[in-house]
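Read the single chain below, which is given as structure tokens and is the form predicted on its own.
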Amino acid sequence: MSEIREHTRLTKDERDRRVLELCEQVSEIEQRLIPTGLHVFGRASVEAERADLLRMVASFDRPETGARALPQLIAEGLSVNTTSPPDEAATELSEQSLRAREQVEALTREAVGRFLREGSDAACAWLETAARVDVVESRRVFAVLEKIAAQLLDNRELDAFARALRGEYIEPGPGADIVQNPSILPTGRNTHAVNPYSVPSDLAYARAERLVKLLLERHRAEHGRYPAALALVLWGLDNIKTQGEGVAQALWLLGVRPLRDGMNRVTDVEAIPLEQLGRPRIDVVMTVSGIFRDLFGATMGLLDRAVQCVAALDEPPEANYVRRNIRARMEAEACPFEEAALRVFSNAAGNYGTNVNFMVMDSQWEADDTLADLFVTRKCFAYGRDAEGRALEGREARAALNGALARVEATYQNIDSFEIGITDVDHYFEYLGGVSKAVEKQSDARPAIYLSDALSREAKVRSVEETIRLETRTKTLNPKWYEGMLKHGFRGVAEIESHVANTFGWSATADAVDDWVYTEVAETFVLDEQMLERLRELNPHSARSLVARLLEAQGRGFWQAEAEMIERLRDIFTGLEDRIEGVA
């Protein structure tokens, strides 16, 4: 009732704005590209999957082929603007842009559908008539799609597997997803890494600038200031896929640009002048995965030099947070500059991971500090160079990491693939959730937790709460997603249970899951008798684990559920246990 009364107090413009915001969210959920089943080794994608993939590929500029984004061509042909105005009061313009976006999206879908059914010429002719798109421009797009469509049908995985068993040569191919880099096709090739001396690429550095700007502007809008320090998670495979976009973001936050030698190798950095940067230099604490450490040793040295470069600049403290924080720690703890300036941390040599995910999944923690301490214990090994220029190959530096984390006000990580999100695997909450919990302990305040989302044409920075809500609606609670998983039987049920468990991991590390998420999961998969029976028949063990995770969420205070619902869940859990044990 209070919510109803609140809406009655809104003005017409405010109500219209709320409705438009809701429409935009629903539209985003509808248009988001999601896996609709597990990949079956050796099997090519079906037509519906190909259509979705090709539509997403066509939504981005492909400068290497001269092809422009198809939605942009359609918008220009129709002379419409699909971008909402920055002025929130401009309700009429926002409604127009939303309708224009829906129109462009519908025409894009139809064009790709016609391309698959009738070919490029028919699709180009239709677009010229329906949206006044120049045939020369659209033909470039469909030339790209023709090649990709053929390669999607050319699955070489089983053949390559047989060749590998015979010890024969497997052709190499780049690592990424199809939207970022269509040259990963055809599948069935060995994924190869990148030259670490080329990281970050010029393209990655250019893309990183906008995301860093979005990140910092969002934090300033929400907190009234730039973050005094930011903890950044860097993964090896992500930086392979993006040619070092995460590394480039670290450099932009620090306010430096990479320098290349005559062989195009990144060998050093130089500071961007403050007047050109237009903001303070942000202190960055980098927690690096073990794979990144192994693959990008030269890059870790570059990041350390970037911190040292910025710390040595004679700039005012309000414009150089790196120098300010290092000097503050040197004065407060009487530690040398080299110790206070350590910012690149990973595991000890030969070790991997934080183990936070294992502790959460096995329910082996009681206090939040346990998770924070485990993260620091695993990740407190410093890399870079000391005062004499000697390499620090994983020197234990727990005090240095704790001291750096104590000043962090925001944590951040990239999502680089539509195939794997923060509820698909446990590594996201293991790293980003783990470092956020460590920051919370050291600073006595929960940091703002952000993720970048470059999976659409308009890259966005979201909070972890927003990202969980989006993934829950597009995947976990989306019939298109979970019915696709259930087609895979035993493994599909395990995938659904894994999503719920990974969502729980964000409660454990960041308290970032709304009550309604657990409630809707319970009602969709457990309290619906027909669905529960399907799960029970296909995989009773995962069904039991799903119910147990819901009960644990309530027991640990992450979910405020009605007593009657919890009692029903307990009864269902007992019934599943009895069935597995053969009692019933």
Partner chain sequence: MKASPKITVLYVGSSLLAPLKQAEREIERAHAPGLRVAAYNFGAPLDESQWREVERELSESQVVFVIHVTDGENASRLIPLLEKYSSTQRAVVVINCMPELMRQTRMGRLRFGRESAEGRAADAKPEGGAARDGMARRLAGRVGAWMGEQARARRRKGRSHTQYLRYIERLPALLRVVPNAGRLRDAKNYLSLFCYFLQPTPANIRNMLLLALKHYAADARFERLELPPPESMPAVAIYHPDAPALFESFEAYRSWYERRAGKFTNLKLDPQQTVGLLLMRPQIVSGAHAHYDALIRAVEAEGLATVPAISTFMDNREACEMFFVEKRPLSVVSRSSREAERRLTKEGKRATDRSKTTDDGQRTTGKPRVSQIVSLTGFSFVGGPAMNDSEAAVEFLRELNVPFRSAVSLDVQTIEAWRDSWTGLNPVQAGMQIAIPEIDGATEPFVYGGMSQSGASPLPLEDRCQRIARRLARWNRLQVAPRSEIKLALVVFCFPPNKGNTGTAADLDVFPSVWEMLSRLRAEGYNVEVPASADELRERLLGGNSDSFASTANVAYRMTVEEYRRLCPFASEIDAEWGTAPGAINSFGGTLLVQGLQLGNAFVGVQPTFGYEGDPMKMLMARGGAPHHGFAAFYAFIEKVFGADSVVHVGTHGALEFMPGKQVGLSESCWPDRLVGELPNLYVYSVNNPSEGSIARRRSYAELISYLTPPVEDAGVYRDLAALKELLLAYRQTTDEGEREQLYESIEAKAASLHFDGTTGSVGSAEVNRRTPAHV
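Positions refer to the first chain, counted from 1. None of these values were measured; they are calculated from a predicted model.
FYI, the form predicted together with the partner chain isn't displayed, but the following is about it.
Asks: Name the residue from 402, 443, 474, 72 that puts a heavy atom within 4.5 Å of the partner chain in the predicted bound form.
Replies: Result of the distance check: 474.
Asks: Taking 4.5 Å between heavy atoms as the contact cutoff, choose which of 128, 270, 393, 368 touches the partner chain in the predicted bound form.
Replies: Spelling it out, the residue with a heavy atom inside the cut-off is 393.
Asks: Using the partner position in the predicted bound form, report whether residue 34 sits within 4.5 Å of the partner chain, counting heavy atoms only.
Replies: Residue 34: contacts the partner chain in the predicted bound form.
Asks: Is there any non-hydrogen atom of residue 52 lying within 4.5 Å of the partner chain in the predicted bound form?
Replies: Yes, residue 52 sits close enough to the partner chain in the predicted bound form that at least one of its heavy atoms falls within 4.5 Å.
Asks: So, residue 337 and the partner chain: in the predicted bound form, are they within 4.5 Å at any heavy atom pair?
Replies: Residue 337: no, not in contact with the partner chain in the predicted bound form.
Asks: Residue 43: heavy atom within 4.5 Å of the partner chain in the predicted bound form?
Replies: Although the partner chain is absent here, residue 43 would touch it in the predicted bound form, with heavy atoms inside 4.5 Å.
Asks: Which single stretch, out of 337-345, 433-441, 194-202, 132-140, brings residue heavy atoms within 4.5 Å of the partner chain in the predicted bound form?
Replies: Of the stretches listed, the one contacting the partner is 194-202.
Asks: Need the contact residues for 512-534: heavy atom within 4.5 Å of the partner chain in the predicted bound form, sequence order, or none if there are none.
Replies: Read in sequence order, the residues that approach the partner chain (within 4.5 Å, in the predicted bound form) are 516, 520, 524.
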